[in-house]
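The form predicted on its own is given below as one chain in structure tokens.
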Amino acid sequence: MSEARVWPAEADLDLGWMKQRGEWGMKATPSKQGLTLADIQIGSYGDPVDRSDNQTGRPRGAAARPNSYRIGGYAVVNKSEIWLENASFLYEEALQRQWSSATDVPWHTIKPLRDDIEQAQCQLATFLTEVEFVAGDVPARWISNTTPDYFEPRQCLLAQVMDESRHMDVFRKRALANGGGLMLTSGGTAGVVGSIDLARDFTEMSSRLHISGEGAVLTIFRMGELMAYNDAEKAIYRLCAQDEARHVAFGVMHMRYMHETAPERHEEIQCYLDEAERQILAGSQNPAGNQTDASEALAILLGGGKDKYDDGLNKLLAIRKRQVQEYIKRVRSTGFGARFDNGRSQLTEMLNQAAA
């Protein structure tokens, strides 16, 4: 027979933790969407400080423990550096719209294609696999650099890393799903990646990745119907586009927050946009675009084969123009659109010349 367990006397218990708490008496109420991050932004728990000294991983609102170890070397400690107003909404949307590249793409609809079409699909899939690796790898480095007091944007970036890993595997799967395979690595991502990865500030990185880079990819995904040859490819572009739109929205809303709260950084941000637009112009001035191999593959897909390359190139040039138009629209929505009216941006001149 086992012996009865003896509990220590109440006097021996250290219940000091019961008195060390944040704001007590908070009760979060679920909304129509369930209990969301927005629903728990109540009392002092929902009000992040403008500058954080939290280097211990302490959850926002929890009582500090004076003898805690420093577990992070958080460099992003100012709210304006990473904040956006709708981070909670974007995170909840990311959770609700997760999909599986294994089961949500009708792979059985892929049938044998002409060699030039299949090679173009595989070349584009190879390029997009590279692109999506960058789009997940770079934001991931900023997550661990951000104080946990700003957990809402961190959650969004964590969701983006998951999205991009799924995009990376879905394009790899497409390259291997129809008797083709991975093609020539573009090599052209090096300059773009270097520009993004060497960013010294989160806003600098976001302006290049979310506003410019992912914005351009979003336009391609939205035009996926034009270069898809089966329902599987249509589903891939549609599902990737819904994720990419969320990532672009993150960048737009962060830039808008910076415009409203950090006027001292306006000129600095304009310089980031100058650099992004120089890269856009460099690609637009070459009819084949910056990424020669990927652009040729796109033209073949859009035209319907190598023998219809010129038709495809005309469609590709229309897509390039749309990329610029959508970029301008995004920047205007951030509050930095005056650059297109006061002559600072070269993109409006390019569009005017194209329309003439």
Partner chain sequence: MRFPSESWFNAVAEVFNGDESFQGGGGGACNTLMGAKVGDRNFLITFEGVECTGAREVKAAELEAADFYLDMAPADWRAMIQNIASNGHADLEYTLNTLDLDREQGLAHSVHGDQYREDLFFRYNQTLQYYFDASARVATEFGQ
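What you are looking at is a predicted structure, and each value in this text was computed from that prediction instead of being measured. Residue numbers count along the first chain shown, from 1.
Beyond what is shown, the protein has a form predicted together with the partner chain; the following relates to that form.
Region of this chain that lies against the partner chain in the predicted complex, out of 262 to 270, 98 to 106, 201 to 209, 75 to 83 [heavy atom, 4.5 Å]:
Of the options given, it is 98 to 106.
Can you tell me whether Leu218 touches the partner chain? I mean in the predicted complex, with a 4.5 angstroms heavy atom cut-off.
Taking the distances in the predicted complex, the answer for Leu218 is yes, it comes within 4.5 Å of the partner chain.
Ala276 within 4.5 Å of the partner chain in the predicted complex, heavy atoms
The answer is no: Ala276 has no heavy atom within 4.5 Å of the partner chain.
Although the partner isn't part of this model, could you tell me whether Arg322 comes within 4.5 Å of the partner chain in the predicted complex, counting any heavy atom of the residue?
Yes, Arg322 lies within 4.5 Å of the partner chain in the predicted complex.
Wondering, does Lys329 line up within 4.5 Å of the partner chain in the predicted complex on heavy atoms?
Residue-level check for Lys329: yes, a contact with the partner chain.
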